[in-house]
Structures are given as structure tokens and as C-alpha cells.
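Here you get one chain, nothing else, as C-alpha cells; it is the form predicted alone.
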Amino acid sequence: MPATFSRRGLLAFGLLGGALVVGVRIPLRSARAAGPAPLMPNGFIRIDPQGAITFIMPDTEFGQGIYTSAGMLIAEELEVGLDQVAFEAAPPDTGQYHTAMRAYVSPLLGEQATGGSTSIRGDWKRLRQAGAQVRTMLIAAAARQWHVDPATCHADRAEVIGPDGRRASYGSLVEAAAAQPVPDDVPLKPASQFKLIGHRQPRVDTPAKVDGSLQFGIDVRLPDMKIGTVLACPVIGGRLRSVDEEAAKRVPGVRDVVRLDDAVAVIGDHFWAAKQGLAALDPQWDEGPHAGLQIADIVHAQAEASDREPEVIAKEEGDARAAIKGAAKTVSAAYQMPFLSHAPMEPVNATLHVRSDGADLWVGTQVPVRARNTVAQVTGLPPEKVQVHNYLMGGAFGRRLDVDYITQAAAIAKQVPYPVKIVWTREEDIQRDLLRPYYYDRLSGGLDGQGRITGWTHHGTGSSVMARWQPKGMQKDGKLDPDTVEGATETPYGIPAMRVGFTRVEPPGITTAWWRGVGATHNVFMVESFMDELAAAAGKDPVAFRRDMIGDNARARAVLDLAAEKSGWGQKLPAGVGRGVSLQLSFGSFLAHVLEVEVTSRGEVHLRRAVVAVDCGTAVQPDGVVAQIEGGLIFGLSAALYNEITVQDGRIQQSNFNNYRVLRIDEAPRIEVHMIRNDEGPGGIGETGTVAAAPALVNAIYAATGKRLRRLPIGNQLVGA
């Protein structure tokens, strides 16, 4: 084996040696074939005269399997198999590739962005229509050549088949089809005719992941490319004063040191040289105005704000405060959720080559237009002179909806004459992350003599991501960020009097950002934790209490009943073991989760079993739904048990997976996912598992111990309890 054999090469070698041979590789990018122009009547499908079919994907892939499920939507109507197509990331173009989901999630409107569990909901019609358009054109072209009625022809596996059995490949029909007008309104298949949608399909990126050939942003290799890494001031908002450049340049392989206002980069022939050079710099910092910032001060400010009247009322139905005041029994509670890092497995990175006449950016991003525009702004180039090569991402969780790391890389790259890849270390990635907001919410509820809710108030406090990320998405005179109340204003329950408000409290120096599950992760934790408290106050079983409050919401009732049945709800458990339930309507999907945990005498929480019932309407790729629920639960349970970002003297305290933990394989519960099938339009699914994790966990801990936890993470709160 040559000394330069890569890790991925070693993987492939080992697999071949073990007789696991993957014979098919599905490329995720393909070049246009030379010769006559391809058929491309819409922005999503390109067919070359040679028969090569490429799907141009409007959504970016970061492990959620969207290339497979979105590709299925096109392929279903185009009448091709996923094994017959290649996939290509869409270029920056909001005209063709903007987020199509309009009814539910407003932050992404007008953006070319992947997030908020909007992809399938937005693609459900437009990608099927794109496939049907092209299929219709190809059939019409073949029918004209054969002098038959198009209605007597059909398509299958990239061929048009005539009434007499004649066949014509899609490639042979490209030129004739291109001469036809693009039909505006084409009928779509009824669900009864689906061959792909709703059926298990292998993921299109699996072969390349198995043989190691799949390229992520961090894998980019270019001729003459150098690699750099960066260090920002350890104090939030601090500035660079000085560095020892000569010490860094004495490290073998170091090429350049680039100073920025708040950070310094070292560029070398390889990452190790850059990292060693950075360690030799001895940077001196101006720590700035936040050197005394403490997490306790941030929490105190939010607690004080939560005692005042809400800044904005998001929902008011009936007189909730009067209903609570006159109730037979009242309950109040305050809940806290910490700052969180995204901590994707692939730390953020960007590769740029900036020239006088243009720039190229190789990166994994959820927002290709924003990525292009920030490079243009930093370099002074027109946006059309910036070429974006969008790669797959090794995780994102909302982190790559921001472009700060691309902005920084562009500021570095414009100062050197060669292509440079900037890679943040894990420590930099966590300590310079844009954080999930800290939330401090107060809830109150009233119960009548029969133990039913009469009134409900919910006052949330925290920062607004949208006010920074997309101010035009703010509502109610620019005061309400709808993400801050998502999952609080619309619940599965029929509560007669409800008042929901929010107060915006921005933590000094800290930039907050979207995090997997966004507003629903915040509010469903608050709502479902408080529903359990009300059930206990009413002396009712938590499932029965919820069922009583659902009213005529049949879909919510169905998932709750299914989760209870499959989990064995009500069956006796050993001492120290408890089950907790949560119910949610989020991202257009209904989900009920029952988690079974054991709490040891030492206060350790062991996750035994998770049962999830989900109604996401039409499940395009059922395996993908199950995978997203499983992954979302692990992500959410890791955060609820262990994760928080704290600040001391202006410094982020966490730095790597040793103190920002993820569940290990032996700690994960057995997960069962039960799906309710129907013909409703697709709901979002990628974030629902994360949303469901924390409330079911704290409710299960209460069932096991009688201790009510209102602050995340669980950490050591149960030690000595």
C-alpha cells in the first residue's frame, strides 16, 4: 500500500478485501455531454441526446436524504428509475430554485434555502409537475414521429412506448421534444399509480458513501491549493492586537499569516502545518466590552423580562387570565432551555480562489445565493462573477443557513494569490458557533372541577433569529418573530381561553441562529412539560388528560392512541422506571412520542425504549421518515441530557465532544417508529424527532422519580435526588 493512501482509500481497500464490492456509483455531479443541446424545459431536469438524465436539485443535501426523496418526486412523473439518473446541485438562482413552501414557514420565503422541514412540502407539486412536463413533451414527440395519438402512448424506464409496442429512448427524442412548447398545466398521477412515492427506495448517495468517493466540502482538492485554519479572540466580540508572525513562519510548511479584525489565519501546505503555525503565533487580544459577561447575567435578564408584560401578544382567544383566576385549581411554572451549538460532524469550511476577474467558491451551504453574495461583497466582484460549487455537507442542523464562515474565508482568500481552503478546528467550530437562543418561559393554567383546562397563558423570552436573518419576516409591526411562538400558538389541543406572548431579550455579544427543530423545539418542550404538570394537578393519567383536551382533532388523537398502544402505556413498570409522553403538531405533521427511562440510585438516566407514532401525510420515502425520526431523537436526547453552551468572563466554556456530549451507541434507546398512512399532503419530518425528545424525557423522569425538571440539560440535576 502506498504511503499516501488516504483514509477513504483504505476504506475502499478494506471493503474489497472483505468481498463487499459496490459495482454502481451514482455521481452527484455530471457535466453536460458535448454535441446537440440537451432538453431542459424547466430548471430541474436535463436530458442529453445521448440519454444521460440529470436532476438539478433545488434542495441541498446534508444527510437528510433529500436527493433521494426529492428525486423520487421527479422520477415518479418522468417515468424513470433513480438508478437511471445523476444528481446535480442547483446553482444560485432564487428565480428558479427559491423555497416553495409558503403556507407554514415564512423565514425562508424568497430565499434559495434548505431548512425548516420545508423541502418535500415545497417540492411536492413543483417537482412532480416538472417531471410530468418533460414526460408529456417526450410522449408528444414520439407520437408525432409515429403518427399516433399521444394518449395511446406511455412512458416507462426512460422510454416512450407506442400502441404497437414500438419504443423510443428519451435521448433519441430530445431534439424533437425541444421543438415543442412547454405545457403549463399537466395532469399528475393519482396516488394509486405511484411506483416510487410511498415505497422504500435505496438512497442514491449510499454507494458513494460506502466506497468513500462521496465528496463533502472539506474534501475539496485543487491544483496549487493551500490549507488554512483560524483563531478568533477567545472573548466574545474581542479584537486582534498583535501576533508573532515570524514564529509561525518558522514552522515547516507555513506559507502565510493573514490578519483580520477579530481573528488570525495561518495558511500552510497542509492542515497540520497551519495548525502548528497558529499555535506558534502567540496572539494578543483586545478583549473588548464583553470580557465580564457571565451566563448568570443573561439568565437573570431573561427571568426579569418574563415577569413583565409580554412585549407582543401573538395569540389571544378568550380571557385566559380571568379563566385562570376563577379556576378551581391553578398551576404555574417557569422553564429554561440553554444556548446550544450545532456541532455538525464536519466542521465549517470553505475553499476559495479569488482572482481579479472572478472568484470560485467550493463549499457546503444551505443558502447558495447568500454564499455567492457574501463573497461578492467582500471581494468587490459582481455576483455573476462568483461561481458557487455546492457540495454535500456532513451535518448542518441550521448552522449552514448562515454564511459567516464564508465571509471570513473570502476576507482571507482575497489576500493570497492561490486557492485556499479554510477549515475551522472543532474547538473553533463550537466556540465561534452561532447559538440556538436561550429561552426562559413562564406558563400558567387553570383547571375546572372536572380537571379540564379553562385557561392558559404562555410568556416566552429569548432572542430573535429572524430579526437578524430576515427582518422582513417579522410580524405585528416588526415586533414578533413567528419562530419564537411556533408550537405555542398552534397546539393539538382545544383550550378555551389562551394567551401567548413573547418578549425579545438579546444577549450581549452573542449571535443566535436557527437550530434543528427551530421554534417548535423550544415551545413544544414548554407546552408538553406543562401539560404533564396540569395532568398531575388534575390527578389524571397524562395520556388520558391529553386525549380529553384534543377535542375533534382526529389526526392528533390517532397518533396519541397509537403511541400509547404500541408502548404498552399503563402497564406496570419496575421501580425507578417511568414512561413519558409528548404530543405535537409541528411542521405540518402530527407526532406522539412515548419514552421509557430508568433512573438509577446515582441519578443516572438510562434510555430504555422510544415509541413514536407519526402522521406526516403522504410519506414520500418511508425509510427516510424512519431515519429522520431516529436521528432527530438521538440529536434531541443528546441535547436534553447533556448539552449547553455557557459563558464565563466572555468566553464560551465548551470546546469539543468531551464537554459537549452526544449519545453513544450503547446509551441510545431502542426506537420504534409507527406510521399512519393517509393521502394528506406531505408534512415536514426532518426536525420533528428532535422536537419530541426533551418533553417526553422530562415527563418520563417525573414518572420514574416524582421529580419535576424544568431546566435543560438534565445534567446532574438528579444526583442526590
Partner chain sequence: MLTLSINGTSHQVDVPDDMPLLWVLRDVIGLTGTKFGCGIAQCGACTVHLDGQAVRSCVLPASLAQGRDVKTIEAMAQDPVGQKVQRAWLDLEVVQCGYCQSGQIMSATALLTTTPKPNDADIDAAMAGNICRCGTYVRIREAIKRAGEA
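Numbering follows the first chain given and starts at 1. Please read all numbers here as calculations on a predicted model, not as lab measurements.
Below, we turn to the form predicted together with its partner chain, even though it does not appear here.
Annotated contact segment (heavy atom within 4.5 Å of its partner chain in the predicted complex): 633-641, selected among 124-132, 241-249, 633-641, 444-452. Screening 146, 271, 569, 493 for any heavy atom within 4.5 Å of its partner chain in the predicted complex leaves a single hit, 271. Checking 414, 209, 389, 479 for any heavy atom within 4.5 Å of its partner chain in the predicted complex turns up a single hit: 209. Although the partner is absent here, residue 402 is not a contact residue: none of its heavy atoms lies within 4.5 angstroms of its partner chain in the predicted complex. Contact between residue 296 and its partner chain in the predicted complex is not found at the 4.5 Å heavy atom cutoff. Put simply, residue 203 is close to its partner chain in the predicted complex: some heavy atom of it is within 4.5 Å. Taking non-hydrogen atoms only, residue 342 approaches its partner chain to within 4.5 angstroms in the predicted complex. Within 4.5 Å of its partner chain in the predicted complex, a heavy atom is found for every one of 427, 628 and 657.
Shown here without its partner chain, the chain has 62, 63 in 60-82 lying with a heavy atom within 4.5 Å of that partner in the predicted complex.
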